[in-house]
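What follows is one chain in structure tokens, specifically the form predicted on its own.
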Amino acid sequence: MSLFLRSTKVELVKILIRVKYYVLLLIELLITATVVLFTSANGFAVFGLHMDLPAIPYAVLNSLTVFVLPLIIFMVCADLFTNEIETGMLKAVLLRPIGRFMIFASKITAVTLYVFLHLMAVCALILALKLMLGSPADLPTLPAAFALSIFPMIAFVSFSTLICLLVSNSSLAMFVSMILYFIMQGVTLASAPVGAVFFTSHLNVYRMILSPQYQSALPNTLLLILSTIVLTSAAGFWLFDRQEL
């Protein structure tokens, strides 16, 4: 276990030493702060629908899980998998006394931890601003919603990892991942019953856990997400284990 933790720490450091990932997190926090502060002072309406301050944190969370975090995941996975294979860095990693499965698992874990950092940082900022503005802190519902959102994001990580191992160029890996994601979202918009078979239709799974009216659909949704994680991770490791380096 200690070997796995050390390997995960190495992979996480690879992410954190890249300035662009700090910049992305900072931009997220700045946009979140701007949205919360602006809406608290002026109110907010979209297509005639008024958004009050209590609803804003969940709108921010939806934006994160649907738009921002998937793109970040595609980028990070391309750096840790496709780019390392391209540059030959992975060959050096495999010289360490550690098996391919542990390397694969530590990379996925590191990406997941980085994504969880984004969720928790944005959540902490929203709670701090709400307290500063004298609004109800919405404890423990809001932190729970942000924490539970990591489950569909893990599916994104395993899905993106599989794509990254199928192509030989990091830019192409990101492009293919985004195109497939947009296609799945397009299918969902065109036909909800068909789109329901994709994990991308269930990015707001926290609603099912926190809202009684959605809990009847919770078991099937969690099974779909878990199945996606298991199948794409298994296929990804199969490819990773057979990579010619």
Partner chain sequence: MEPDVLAVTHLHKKYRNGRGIEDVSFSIRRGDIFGLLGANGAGKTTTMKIITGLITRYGGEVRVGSALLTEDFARALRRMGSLVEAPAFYGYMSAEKNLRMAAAYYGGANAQIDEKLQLVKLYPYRKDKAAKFSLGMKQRLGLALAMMGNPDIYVLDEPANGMDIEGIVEIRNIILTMAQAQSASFLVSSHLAAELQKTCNRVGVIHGGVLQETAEMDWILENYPSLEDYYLRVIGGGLGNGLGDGLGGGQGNGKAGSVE
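This one's a predicted model, so the numbers in the text were calculated from it and none came from an experiment. Residue numbers count along the first chain shown, from 1.
FYI, the form predicted in complex with its partner chain isn't displayed, but the following is about it.
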{"item": "Position in contact with its partner chain when the complex is considered in the model of the complex, options 128, 113, 147, 94, heavy atoms within 4.5 Å", "value": "94"}
{"item": "Interface stretch in the model of the complex with its partner chain - options 149 to 157, 82 to 90, 167 to 175, 129 to 137, non-hydrogen atom within 4.5 Å", "value": "82 to 90"}
{"item": "Residue contact check: residue 230 to its partner chain in the model of the complex, 4.5 Å heavy atom", "value": "no"}
{"item": "Proximity of residue 18 to its partner chain in the model of the complex, heavy atoms at 4.5 Å", "value": "yes"}
{"item": "Contact test in the model of the complex: residue 98 vs its partner chain, heavy atoms, 4.5 Å", "value": "yes"}
{"item": "Residue 13: touches its partner chain in the model of the complex, heavy atom cutoff 4.5 angstroms", "value": "yes"}
